[in-house]
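Shown below, as structure tokens, is a lone chain in the form predicted alone; questions about how it binds or moves come after it.
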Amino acid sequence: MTLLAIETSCDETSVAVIRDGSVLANITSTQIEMHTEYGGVVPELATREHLRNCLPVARTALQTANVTVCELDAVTATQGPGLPGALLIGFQLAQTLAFVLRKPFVGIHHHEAHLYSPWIGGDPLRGDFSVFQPSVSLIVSGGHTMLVHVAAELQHRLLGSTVDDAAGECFDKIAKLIGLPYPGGPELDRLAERGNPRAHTFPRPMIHEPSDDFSFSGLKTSVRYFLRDHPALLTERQGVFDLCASVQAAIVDVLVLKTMKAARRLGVRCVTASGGVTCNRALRKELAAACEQEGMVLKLAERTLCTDNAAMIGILAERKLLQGCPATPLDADIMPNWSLM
């Protein structure tokens, strides 16, 4: 089976070619520099760039994979959630291609693709579900933070999610308060490496709550008031390092402790993590230490698959088709607010 996959849910135009579980090409055009001057993604600009880039990126992906459109057996694209205008570009391009080729079309849930991305790895990248096992999965990025119980392949249920800010959003907003450049999360991670995570004590919201939900808006507010009362700290190099490390420790503690608590409660022996914030070095390190202490298996998404990419969309679509899931109607619409069940 050979599939063309398209991902345009936010500010990455990505197209991948998948054949029999292997990623033959995964080409991504990023818009980070364009949105930097605005301090965040501007939906109208993102949509315009997807419109400009989608066809050239698709051609490059096909050329890289040495595959022609006539060889495709199916076409897939992100159906939601995401920015409406951005989703439309990739989704309707994929629908059109499937209609012209008279091939099956599959609309994929963006979060669900992240959910199964830890099972994609190797060089070249390949989906390996032969070692799949039940897990508690942490999906964490700028737009979402959630815990999911995966009982079996394609069988999962949402345990909890953020009630306000996502963890990645908290990273970025606090980085902006500190004066770090956009995107702030990765820069905060870099500076935190040189700081003392115990220099300042910030709240760990909902860390002892019985639910699996998250909350990070209170932490953001706490840092805002802290900087109001200690403005001179930002003029000290080590002070900035320590602040970044302390903020990062608060966020990571919440993510790790709530993930491990859910895994113990459900009796699973595997934990997975995916999404853009999974690139954070402290999170990867602390999850690894916690799983080793509990004797659990840890599966982390490859760093190249943590951010938005079409490879995970294509691999999941292929798995769905192989397991007999029905194709998506060609007159289906995007679902910008699609929730993961």
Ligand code: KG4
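Remember, it's a predicted structure, so these values are computed and weren't measured experimentally. Numbering starts at 1 and runs along the sequence shown.
Unshown form predicted together with the named molecule; subsequent notes refer to it.
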**Asked** So which of 263 to 271, 69 to 77, 135 to 143, 89 to 97 is the stretch with heavy atoms within 4.5 Å of the named molecule in the predicted bound form?
**Response** 135 to 143
**Message:** Under a 4.5 angstroms heavy atom criterion, identify the one residue in 197, 121, 239, 186 near the named molecule in the predicted bound form.
**Reply:** 186
**Request:** Let me know the one among 27, 65, 279, 54 whose heavy atoms come within 4.5 Å of the named molecule in the predicted bound form, would you?
**Result:** 279
**Close approach of residue 168 to the named molecule in the predicted bound form, 4.5 Å, heavy atom** = yes
**Message:** Contact with the named molecule in the predicted bound form for residue 307, defined as at least one heavy atom pair within 4.5 Å: yes or no?
**Reply:** yes
**Message:** If we define contact as a non-hydrogen atom of the residue within 4.5 angstroms of the partner, is residue 318 a contact of the named molecule in the predicted bound form?
**Reply:** no
